[in-house]
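Just one chain is shown here, as C-alpha cells, and it is the form predicted on its own.
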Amino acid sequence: MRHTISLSLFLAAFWLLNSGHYSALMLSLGAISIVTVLYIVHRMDVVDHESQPIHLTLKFPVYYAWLIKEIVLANILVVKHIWLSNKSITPTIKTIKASQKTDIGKVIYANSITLTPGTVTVNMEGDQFMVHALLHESIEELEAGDMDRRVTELEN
C-alpha cells in the first residue's frame, strides 16, 4: 500500500510540475489521469519495492553527490589521456564481481559504471559484470571496490 501511495504522490508532483496550470479543470484531469494509472498498475501488479524503491529515498542524495563527483573526475581523466596521445589509452575488458544482493542494487551499480566516462558495463550475469574501460586504471579503481561498497550501502 505504501508503494502505491508513493507512486501516487510522485505522479501528482510530476503532473503539477509539467502542467504548470492550477485551474479546477486541469487539477481534475490530472487526478483522473493519476487514478487511471494507479488502477492499471494495480491490475498489472507491478508496484513493488523495486518499481518504487522507497527505502532508497533518503540515501540517494548522498550517493548522487558522490557519483557526480566521480563523473567529473573521470571526465577530466579521460580528456587528459585523449590530449596526451593514443599511447596513453589502454583499452581493457575485465570481469568484476559485484556484492549487491538485490536486482535493483546490481542495476544501480552497472548504471553507475556506465555513467562514469571511460567505462561501460557490457554484460551482467549473476554477480559478474563484464566492464570495458578506456584506461586500465579505471578497471583498477573498480576492483578497489569503492563504488561497489557505496552501492551495497545504498541498498541496505
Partner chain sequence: MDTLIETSSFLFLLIGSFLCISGGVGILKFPDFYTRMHAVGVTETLATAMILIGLMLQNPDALVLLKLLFILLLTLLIGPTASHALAQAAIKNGLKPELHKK
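Numbering follows the first chain given and starts at 1. Computed from a prediction, not measured in an experiment: that's the story for all the values here. Throughout, rigid core stands for the largest set of C-alpha atoms superposing within 1.5 Å between the two forms.
The next section is about a form of this same protein that is not shown, the form predicted in complex with its partner chain.
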Candidate site 81, 93 and 117: all three near its partner chain in the model of the complex by heavy atom within 4.5 Å: yes
The single option of 62, 31, 89, 41 touching its partner chain in the model of the complex, heavy atom within 4.5 Å: 89
Contact test in the model of the complex: residue 17 vs its partner chain, heavy atoms, 4.5 Å: yes
In the model of the complex, residue 100 touching its partner chain (heavy atom, 4.5 Å): no
Its partner chain contact in the model of the complex: residue 133, any heavy atom under 4.5 Å: yes
Non-hydrogen atom contact residue 35 with its partner chain in the model of the complex at 4.5 angstroms: no
Is_shifted residue 84 between this form and the one not shown (CA, 2 Å cut-off, rigid core): yes
